[in-house]
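As structure tokens, one chain now follows by itself in the form predicted alone.
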Amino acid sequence: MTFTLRSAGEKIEVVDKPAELFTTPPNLGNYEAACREFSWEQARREIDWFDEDHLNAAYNAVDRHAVGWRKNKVALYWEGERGEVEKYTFRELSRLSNQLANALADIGIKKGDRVFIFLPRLPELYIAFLAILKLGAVAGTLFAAFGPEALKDRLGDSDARAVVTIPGYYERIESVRGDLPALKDVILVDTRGTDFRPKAGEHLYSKMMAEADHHFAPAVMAAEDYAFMLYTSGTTGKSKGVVHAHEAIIQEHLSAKWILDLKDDDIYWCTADPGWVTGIAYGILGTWSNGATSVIYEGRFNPREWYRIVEKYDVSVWYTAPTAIRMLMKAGPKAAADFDLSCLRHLASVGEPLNPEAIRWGLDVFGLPFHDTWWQTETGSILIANYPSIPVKLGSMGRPFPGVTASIVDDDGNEMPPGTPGHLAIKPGWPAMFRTVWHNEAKYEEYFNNDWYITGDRAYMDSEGYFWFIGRGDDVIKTAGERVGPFEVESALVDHAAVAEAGVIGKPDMMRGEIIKAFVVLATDQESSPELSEEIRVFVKKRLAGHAYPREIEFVDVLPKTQSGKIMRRVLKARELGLPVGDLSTLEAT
């Protein structure tokens, strides 16, 4: 397969895919025409409705296929970290999620209740997510690496009624359950050999499923009814609960069809965990709504294992993170050369900006370019992307999804001309847009300015309508594709007995995009040492998550702060990178 790599302008490289190289025409063949002719009303017809105003996202993902010609088609290939292999058809997923929906209803879960999933990437995670939506409850997902404090924050803020987990994870919940008065029920997935004796308020998944009917009528939900929520980090305060509606399935479906180019004969692998919005929108809802077959791999990242999965399951569409791509690059082309990867036809990336080197590497190793996509937890769906049918400008975010109006605005929300850096902004009203921040409407309103959704990213748009990422407008750290708020890391740091104060920044890193670096002021009776540094790292890692700990710790005598006491992280970052520190008029005298 051969692509044309050409210059377009002074330093910009462009990848063109000649039409004859498409084995099948892309689902979105003419981007310009789609933008001109697009209407959300027409897009609504892509999914099934109970009536003009009511639907259910889980019904669209699975049930509608379970009664049609796809009923015996494999929806999910699952491979466990110890090599276990299972597969589920659309009909089987429909019945299993029906059983769990009935079982949840039997213990009193009802429409609007928040039910969280705290599981490794087991089939039961996906079954539980579907069941919760079918019931009309609100599904929340949690990373398996979360520690007790992170769990308490999220389960407490959401007033979660129930949690689905495994016995091995339950100790972390149990340690904070006394601080969670709304948490009435814990469902323990015991189907993989764990012996557990439940107490009051604890239920064995196997027993619940054995007693439940596989017939269930999905709840008839208004388009605006809440479907799922995710907690995402901010620069100040605790993580915030971003809530999405059932209507999001419209855009998740169509973007998976047009951007990921999913077709009926595709085997699709999204490597994202459902604790992250990508794992929901493009690992569950949009993917299965299109009737695609998904591969889920529970094991940890390993280049040869990943290539084995691609070869074994004939993966044709692969959606992964730039961090993973860089780790594959580090393993070298020899690792890929040992496998037959000719099944691949479309590659895409998500989570952070994709550097040109990674795209060139994809061309060299797979004969395919990675297509960068841009979106956020709050947007619920890909909003800017590089499409199969348009040239890829290396390093660009791509162009807006049809029906989405994106622009660059100034601090007052006024549009800026092409080539001018500013705030990346989106005109509100797309179906997958988040509907609220849980228990914090004031925070929700802060996202909007002059009838624009302000993304918090800085970018510019070129004369051809391609967008180019510059950087975050705030202090949120993106490490290995995950967003981490400095405040929650700082809070965990100062809980250590040796730490008096802490400031956290993101430091550029070739592999992870950014790593977390902490500047720590020790208590007066403490002395710095490599041993103490490692002890603090482990302490934070256990309390938060595997990705949310400082890989570097620097002990300092004082932190730069404003006169009101706010740590000036931009000053820390500027000093670390040798950049100008800017205005210090509010800096506290030291």
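Quick caveat: nothing in here was measured; it's all calculated off a predicted structure. One-based numbering along the sequence shown.
Quick note: we don't show the form predicted together with a small molecule, though the next part is all about it.
When you look in the model of the complex, the only residue of H346, K393, K478, R326 with a non-hydrogen atom within 4.5 Å of the small molecule is K478.
Of the listed positions (T436, T405, S491, Q376), a single one reaches within 4.5 angstroms of the small molecule by any non-hydrogen atom in the model of the complex, namely Q376. The stretch from 254 to 262, 465 to 473, 177 to 185, 99 to 107 that comes within 4.5 Å of the small molecule in the model of the complex, counting heavy atoms only, is 465 to 473. Among heavy atoms of V189, none comes within 4.5 Å of the small molecule in the model of the complex. In the model of the complex, the small molecule sits within 4.5 Å of a heavy atom of D457. Contact annotation for N290: none of its heavy atoms lies within 4.5 Å of the small molecule in the model of the complex.
Taking the partner from elsewhere, G351 is found to have a heavy atom lying within 4.5 Å of the small molecule in the model of the complex.
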